[in-house]
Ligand code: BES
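This document opens with one chain alone, in structure tokens, the form predicted alone.
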């Protein structure tokens, strides 16, 4: 469902709206235009602040009933003590939209004080993130139990300069998030490798992008033994998907975005525990991030060249599945000993990273729900960031700050390479539990040669198994924002 967004100056007190959202910081005071709103509410806003019923803390919500005229309801949302006002506004907007969607108000008006175009963009993205809901596979409730979904929002701004551009950018990025979250939420029997390929073709048709889809036979001709070893246990055809966005001159080297697309990961022969295995439908969130980013970049019409590459398959146990101890040969020629078949994402990425080098990219950024070890290291707050080029790492980290998808750099020193040396091959696909996220990244480094490269381990940030307050449990849309801001940063 799409949220229609508008920006304009409004008279908050006289506004005929089902819901007026006021985003307020700690120790907020009542000045214009809040004084007029307070008067329309019979002083209820002032009382809530004076009595400290509302203190402006992060995610704090207080609901006030309106009067016969003006806003029917007023929702106070706390901004908290964040040092980044844009990020605070984004989160508050998401909380507000989620509440409004559940209340069944249909439309809302947002006021968060004066906002720069960048802050306005954060608000608009946050509203879209909060109202998002996956209902494709749910039977609608009876008519008398249905609530009106949130379909439109008006953002009050004092200064309209730059507002339209900010709103357009937010809508483009929001479309990317929507696509990525929808793909992530789909069950594995719906979001198959073929479905990801169809989505890529649809993006290409709508935006005039070149799309190429390779299957098992083509992968065999390219000698992608690492990718194919993961796919050999499933009857579904693996798919290597390439989308090319050409927004700059042909002589300008592209940036490459690469995503792991395990549409379901059972672990293969090294099978995962049954408890929670249903969440392994989210193992394609890196691929969803690439597709969502390509959607947003195309809508933004950025003057940059971007190649998006996705490797899609499923990792299943069967009589034909790869076994622990097997040795496979990657397209680069390197021989890999498969120690654990559940360390499959890096096998797919090995061939993707080698393949994308044919486009001579100026930089490669890959994203994958790669390791549980990264979740242990960073929890569900930060994306693990690794790279072979400090300048590129700094670029990606800055993109994470701008997009409210923070990352944290972890080392890939040469000492870690010792842990993935094999007795029978050039390299093995896991170095054991210690530093598991680092040795996984170190494995990937073997397949990028000297191309500037960054790896994003989004295992802890691309989806959540619990409610996150601002958004429900499920896919978050990470790393769409980081990808898009990285591309935007290249042309700023």
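Please read these numbers as outputs of a predicted model, since none were measured by experiment. Positions refer to the first chain, counted from 1.
Below: the form predicted together with the ligand, not depicted.
Inset, instruction - Quick one: find which of 334 to 342, 241 to 249, 357 to 365, 191 to 199 has residues within 4.5 Å of the ligand in the model of the complex by heavy atom distance. - result: Flagged stretch: 334 to 342.
Inset, instruction - Answer with yes or no whether residue 272 is in contact with the ligand in the model of the complex, where contact means some heavy atom within 4.5 Å. - result: Yes - in the model of the complex, heavy atoms of residue 272 and the ligand come within 4.5 Å of each other.
Legend entry - Contact flag, residue 280 vs the ligand in the model of the complex, heavy atom cut 4.5 Å: Residue 280 belongs to the contact set for the ligand.
Inset, instruction - Indicate whether the ligand has at least one heavy atom within 4.5 Å of a heavy atom of residue 373 in the model of the complex. - result: Contact with the ligand, yes.
Legend entry - Contact label in the model of the complex: residue 94 to the ligand, heavy atom within 4.5 Å: The answer is no: residue 94 has no heavy atom within 4.5 Å of the ligand.
Inset, instruction - Consider the chain as shown here, without its partner, and state which of 178, 265, 121, 351 has a heavy atom within 4.5 Å of the ligand in the model of the complex. - result: Among 178, 265, 121, 351, a heavy atom within 4.5 Å of the ligand in the model of the complex occurs only for 265.
Inset, instruction - For the heavy atom contacts within 4.5 Å of the ligand in the model of the complex, list the residues of 450 to 471 involved, in sequence order. - result: Sequence-ordered list: 459, 463.
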